[in-house]
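In the form predicted alone, a lone chain appears below as structure tokens.
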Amino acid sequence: MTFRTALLLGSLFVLAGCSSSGNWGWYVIDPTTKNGASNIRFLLNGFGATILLSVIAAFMSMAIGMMVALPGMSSNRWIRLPSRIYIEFVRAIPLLPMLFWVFYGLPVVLKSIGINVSIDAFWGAIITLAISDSAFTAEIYRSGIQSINKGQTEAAKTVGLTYGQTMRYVILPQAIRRILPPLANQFIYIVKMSAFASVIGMQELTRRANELVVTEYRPLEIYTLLILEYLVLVLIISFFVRWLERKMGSDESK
């Protein structure tokens, strides 16, 4: 679905509600009224927190995923084992219980070993999203790296490159082109899952929508705008990713 199509469908839905004789209350997000404009500004101010939260969590996830993926490709089973245990364990835990554990439980665990750390809602959400997504990112790295012909690794060894040099100069530049699309999907996943941060008080898009519903008592209209906000955000990310794919030559359809 293109951006224009999505915008048209959203506009038609809103206009249909406005023209209906049903119990709609679009006045709460009507930009032509003072209260409606104020409500829209309140909701849009959550964009910054959502984007910042998602970007930091994505970078942390990619870093952790790489550290997990590389040992997981070792020929030594005892080096591979911790990587597999981490991936299977993290993938089995739902995001919401993990979020609660990190936010409420991790400071208690750290305090028990003499580390007094206070985790606020922002960093609690980042740590949770990064850990939860890192298991999937690690598998994306592994599949992308292993898809490169083994002959290239052997050729790199014959010219005297070390394992690190082979990965840096030969394997990873090619693998990145293949893993970019699934990594982009994972970033979109993080953006959408950032909505869970609202349950621990993080002032992102969903939290602001929940607070507005409590004061205005118009959940249908407010959550409709929230959905459109996420839709626009994801479409912008998708557009940027496709542009990056074309730049890097990873667009197979070209």
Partner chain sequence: MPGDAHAIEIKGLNKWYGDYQALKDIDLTVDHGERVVVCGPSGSGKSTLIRCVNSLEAKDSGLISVDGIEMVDSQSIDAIRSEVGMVFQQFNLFPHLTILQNLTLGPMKARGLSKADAEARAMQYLERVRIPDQAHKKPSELSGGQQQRVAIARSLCMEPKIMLFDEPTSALDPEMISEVLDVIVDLAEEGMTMIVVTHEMGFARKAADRMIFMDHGAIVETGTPEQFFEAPKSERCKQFLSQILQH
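Note that the structure is a prediction, hence the values are computed from the model and not measured. Residue numbers count along the first chain shown, from 1.
Missing here is the form predicted in complex with the partner chain; even so, the following discussion is about that form.
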task: Work out which of 117, 109, 159, 92 lies within 4.5 Å of the partner chain in the predicted bound form, going by heavy atoms.
output: 159
query: Considering 73, 180, 98, 170, which brings a non-hydrogen atom within 4.5 Å of the partner chain in the predicted bound form?
result: 170
message: Residues 154, 165 and 174 are flagged as a possible site; in the predicted bound form, is every one of them within 4.5 Å of the partner chain by some non-hydrogen atom?
response: yes
- request: With the partner chain left out here, work out from 109-117, 81-89, 143-151, 130-138 which stretch has heavy atoms within 4.5 Å of it in the predicted bound form.
  value: 143-151
